[in-house]
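In the form predicted alone, a lone chain appears below as structure tokens.
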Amino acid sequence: MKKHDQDFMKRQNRLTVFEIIKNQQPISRAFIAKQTGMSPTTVSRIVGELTEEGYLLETEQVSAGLGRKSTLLAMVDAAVLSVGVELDRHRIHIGIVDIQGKVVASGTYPRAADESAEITLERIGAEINRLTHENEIDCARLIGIGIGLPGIVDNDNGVVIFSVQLGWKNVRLAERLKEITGYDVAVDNELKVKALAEHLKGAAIGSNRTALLGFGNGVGSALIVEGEIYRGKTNSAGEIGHTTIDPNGMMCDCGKAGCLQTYINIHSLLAEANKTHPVRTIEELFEARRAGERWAVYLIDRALMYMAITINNVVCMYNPDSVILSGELADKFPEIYQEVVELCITRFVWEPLRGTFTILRSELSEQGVVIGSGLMSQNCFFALE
């Protein structure tokens, strides 16, 4: 076996052992070996490395019966912290995430829609610095930064290829933010990191094939298969918001007409509403619907119909066992969940697939991208160590 392959296998084994201990602690070396198929020697070597580096501790010995006692392993949660960042059109959400995915400190900051990449990255660096100092975070424990944002991302190289919402093209985000902060930076699409967080810490725990749908300032999806993010060739799998619904429909920010997201996303809903009645926020639009305003009822009901159609299309394509509804619309207005489920059951889901999957709400809601980004940064760190 080539040295490159050997090094890769060692990193993967290390990450596997780390994840098992993190998710199943306290756990014995023997049980890790049994689960992974690794030799006891390999497991002991990896455990020894992680313990020496301060990530693990040994708990008191226990015995289930007359047999030999086992030493159980557990994580030192405070040993490693990472920064998780959610970057969107109008806001920057930053959190300090521990090894269990708990957000120990966070802050949300407004962002102008036309703010340049350079200014945004400089502000992220400054806010991370302020957040760590205000909360007395030991920066020596910070191992990196993870960022989730809307658009097509070259996650291997940390480059934002194209983001309609941010107005960015070919931004070398990881490289520039590392220059600003000094930390290693991992970058990915926001829904992919949110799906990772839901798989590890939220609604998708135990699921073998999860589709996460995001309805908010944009429309997108992410698929987790057997614990792995499905990416496609260019990491653009899941960009369903730009599938064409009506070639003669409304213009999308991407420059095409009739994209799915123009019937669902917040910007389009408000633009359509203002043709009839002045509305400043999505909250005002939903208030008008609750008051029975026909124009508001029409717009929201149409959006919910397209959400149900989206679920059917994704289920037909990927045959998941669970579908998670997330994003600003689903998080802010939980009442739409049952309406969308009813539409799926009664009208839009293909009959042979009814009952084969569960529609769930995001358990992590507004913290999902921050948690997923922070955990992504930790995974990169432990895989490369």
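In this text, the rigid core denotes the largest set of C-alpha atoms whose superposition between the two forms falls within 1.5 Å. The first residue of the shown sequence is 1; numbering continues from there. Bear in mind the structure is a predicted one, so any value in this text is a computation, not a measurement.
The protein also exists as the form predicted together with another copy of the chain; that form is not presented, and the subsequent description refers to it.
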| property | result |
| --- | --- |
| In the predicted complex, the residue from 156, 246, 284, 301 that sits within 4.5 Å of another copy of the chain by heavy atoms | 246 |
| Position in contact with another copy of the chain when the complex is considered in the predicted complex, options 274, 234, 116, 129, heavy atoms within 4.5 Å | 234 |
| Contact stretch among 170-178, 305-313, 83-91, 284-292 - heavy atom within 4.5 Å of another copy of the chain in the predicted complex | 305-313 |
| Full three-residue contact with another copy of the chain in the predicted complex, heavy atom 4.5 Å, for 29, 183 and 331 | no |
| Residue contact check: residue 152 to another copy of the chain in the predicted complex, 4.5 Å heavy atom | yes |
| Heavy atom of residue 57 within 4.5 Å of another copy of the chain in the predicted complex | no |
| Residue 133, heavy atom within 4.5 angstroms of another copy of the chain in the predicted complex | no |
| In the predicted complex, residue 223 touching another copy of the chain (heavy atom, 4.5 Å) | yes |
| Stretch 335-362: residues contacting another copy of the chain in the predicted complex, 4.5 Å heavy atom cut-off | 347, 348, 349, 350, 352, 353, 356 |
| Residue 246: Cα shift of 2 Å or greater between this form and the one not shown (core-aligned) | yes |
